[in-house]
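In the block that follows, a single chain appears as structure tokens, in the form predicted alone.
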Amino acid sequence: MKPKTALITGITGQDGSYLAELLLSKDYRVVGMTRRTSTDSHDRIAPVLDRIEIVSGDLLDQHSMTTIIAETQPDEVYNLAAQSFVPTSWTQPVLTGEFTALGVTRILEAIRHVNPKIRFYQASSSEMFGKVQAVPQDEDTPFYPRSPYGVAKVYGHWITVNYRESFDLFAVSGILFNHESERRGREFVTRKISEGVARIKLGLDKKLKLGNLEAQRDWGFAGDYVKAMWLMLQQNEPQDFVIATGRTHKVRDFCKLAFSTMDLDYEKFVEQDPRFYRPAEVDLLVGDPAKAKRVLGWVPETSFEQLVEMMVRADVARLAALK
């Protein structure tokens, strides 16, 4: 039987790399779309680079999206590409809208015209809930985004719903809450903490400056969450799902646990810096994954404690090897 083909936008990111590995383990032909830049950033997918196909494309360009889908003929498309760092969305709000919102429409338009049988996954975000209207948040909780990134993700979410209902596409959104790993970008607070702990432990730094330590998030492991993405596209009917652990922790909790992994007291090293506060804070995000468990049979396998330890030890090992 001919293997399925999956096209992954954003394959060089954290989620893209884990998803590529998962799909390869299921004997997919995996095609990854990257933007053509002066430097290649394939570090996360280096272990599987010889087993995947890389094509150049751009979510800002309709022609390139249509051409890629026509030439690669995917069975499934996973749109993981976005300008995904919330603080940057405040300094580049228009670009964030072009990538994170209108980019979704360009892919859906390409699918509609090339082959409407293609199944489409949109990476939605818990940041869409923003100023939360209910705790915990589920598939029916109203959105109230608090950043240009969150607003753009709401557009991407609703345009996916509209194309599904208007053109009978198998198009779904996974509303993923925060998911982390040692592959997380260094600009994100969890990786900033894990690397900060490693640098302090190895004597490379003396302090770690952070923003709001009281913000609460529902943190899971990215490797678990990509399994949910795949499961969503294997269902008989297209549906949207919240993917989360159902547990919430403060940034302070993450710090405390991360430093204790290396037998350090976080209070001696962490300093709050107003520069890292958001213009509009999102205080409490915690998801209700009951539907995902009931319909998809999905449950997170990695605990918060395991995740934090995994990230810290990976950064310590990486930095120690460079000394």
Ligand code: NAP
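Here the structure is a predicted model, which is why all the values come from computation and not from measurement. We number the residues from 1 along the sequence you see.
The protein also exists as the form predicted in complex with this ligand; that form is not presented, and the subsequent description refers to it.
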Subject >> 4.5 Å heavy atom contact, Leu59 and this ligand in the model of the complex >> reply: yes
Original post:
Does Phe120 make contact with this ligand in the model of the complex, using a 4.5 Å heavy atom cut-off?
Top reply: no
Subject >> this ligand contact in the model of the complex: Phe99, any heavy atom under 4.5 Å >> reply: yes
Subject >> Proximity of Val30 to this ligand in the model of the complex, heavy atoms at 4.5 Å >> reply: no
Subject >> Contact assignment for this ligand in the model of the complex, among Lys201, Arg146, Arg164, Arg184, heavy atom within 4.5 Å >> reply: Arg184
**OP:** Could you work out which of Leu80, Val154, Ala228, Leu169 is the residue within 4.5 angstroms of this ligand in the model of the complex, going by heavy atoms?
**Re:** Leu80
Original post:
Can all three of Gly10, Ser41 and Asn178 be found with a heavy atom no more than 4.5 Å from this ligand in the model of the complex?
Top reply: yes
**OP:** Can you check 260-268, 41-49, 294-302, 22-30 and let me know which stretch has heavy atoms within 4.5 Å of this ligand in the model of the complex?
**Re:** 41-49
Subject >> Stretch 101-133 - residues with a heavy atom within 4.5 Å of this ligand in the model of the complex >> reply: Ala123, Ser124, Ser125
